[in-house]
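Here we start with a single chain on its own, the form predicted on its own, put down as structure tokens.
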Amino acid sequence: MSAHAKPAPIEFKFWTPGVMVMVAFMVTGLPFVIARYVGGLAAVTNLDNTHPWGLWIGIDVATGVALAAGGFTTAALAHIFGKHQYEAVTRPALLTAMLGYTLVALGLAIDVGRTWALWHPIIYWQPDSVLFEVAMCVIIYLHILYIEFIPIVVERLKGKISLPGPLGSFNNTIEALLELADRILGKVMWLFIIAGVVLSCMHQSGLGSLMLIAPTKLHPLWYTPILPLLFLTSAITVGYPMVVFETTVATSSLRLDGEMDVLTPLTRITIFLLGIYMCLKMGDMVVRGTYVYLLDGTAQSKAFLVEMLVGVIIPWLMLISPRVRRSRRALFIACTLIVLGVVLNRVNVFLVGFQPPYAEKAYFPAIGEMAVTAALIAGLMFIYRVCVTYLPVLSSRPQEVSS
């Protein structure tokens, strides 16, 4: 990390046109969230008894969990495997993971019919349920992510507490708490990092296990006994491309150095991981004989071909080229395709490939579902912008301006 500036708040104008667009999406989605709690799910969704989950589960939960994998993969690389040269992107990856899992929690709170019962898995254990395992892992890991983020907040506030007026009497107490957190967390953080990696591997595969009980509802191109392994492998694979994606977007919009000295070697690992995932997908298709569905002309076959070509094969071929890995634009395109491929995979598994045999009509998201999803994603991006503006998250140097 010596080649990078110390992580620091970004001195950049906050209220930009892009931020205003985020706020607009957030405001637009708010009435639909209120309508959902006033009138129930039927007021804003096209869900029914044969389609119990839709866009909110497919995007806000399943996809959100997968794309947040950069947090545990980067933490494992930098802190467990000792590759400290990747420290410069660890904090942004942690922030993305924390916000991603927060999105998952909010998405579940909106999607679950009886929201007031969300706490039940904590008390009423069902150890034979995969959904229980996923719920507990997500709950615990979300708390671990916030604990891992505390040192960043402490670094920003320590020695700078100065509350106005009567609140000033709490200054010493808050400073003492910050000092205590800094001293204790520094000694035990490795435990939380290891726990985070273990929990992530458990619930990433667990999400795939959810669909194993629906062999008659999930299309053969996606239904497979190794679906948990495919979900875990794809999540690990997308971890580093997601770091490249969010780092490139953040540094470009904030006019910072692109971190190519870190991102280029990071993506060499992705070639290996994406290759494993591709071999598993294609090998499973050959072994089960489901390749017969590839050219049947259905929406499912077309969706599968797009997922594999755009999200797996093309970016893998791109990343093989050293020239692509050294080019900021080409590397960003390749990693964006991988991220898109995982998004398509989760949408295909939970929406496109999910075909209940007794459904009276096909499911298509309602305007309210789209608005709420857009609002949650915009809210995530807004909070990310707030955090990198006021907290020491990014460590990039300002871009060199040519004369």
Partner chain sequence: MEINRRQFFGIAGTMAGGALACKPKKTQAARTLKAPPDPYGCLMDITACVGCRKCEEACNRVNNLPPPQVSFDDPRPLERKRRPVVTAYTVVNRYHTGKRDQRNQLIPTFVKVQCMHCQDPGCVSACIVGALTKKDNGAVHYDASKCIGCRYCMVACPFQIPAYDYHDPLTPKVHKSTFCYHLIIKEGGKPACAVICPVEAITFGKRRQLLGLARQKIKNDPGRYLDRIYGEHEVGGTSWLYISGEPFEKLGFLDLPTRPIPHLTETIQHGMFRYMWAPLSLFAVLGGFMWTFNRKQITGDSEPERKEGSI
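All values derive from a computational prediction rather than experimental measurement. Residue numbers count along the first chain shown, from 1.
There is another form of this protein, the form predicted in complex with its partner chain, and it is not shown here; the text below is about that form.
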Just one of L254, V104, L142, I236 has a heavy atom within 4.5 Å of its partner chain in the model of the complex. Which one? I236
Of W316, F304, F332, Y223, the one that lies within 4.5 Å of its partner chain in the model of the complex (heavy atoms): Y223
How about V27: is it within 4.5 Å of its partner chain in the model of the complex, going by heavy atoms? no
Taking its partner chain as it sits in the model of the complex, is F170 near enough to touch it, meaning that at least one heavy atom pair lies within 4.5 angstroms? no
Looking in the model of the complex, any heavy atom of F245 within 4.5 Å of its partner chain? no
Given that the partner is absent here, does R288 sit within 4.5 Å of its partner chain in the model of the complex, heavy atoms only? no
Of these, 173-181, 290-298, 306-314, 124-132, which stretch puts a heavy atom within 4.5 angstroms of its partner chain in the model of the complex? 124-132
So in the model of the complex, are Y86, H120 and M202 all sitting within 4.5 Å of its partner chain, heavy atoms only? yes
Within 167-203, the residues having any heavy atom within 4.5 Å of its partner chain in the model of the complex are G186, M189, W190, L191, I193, I194, A195, V197, V198, C201, M202
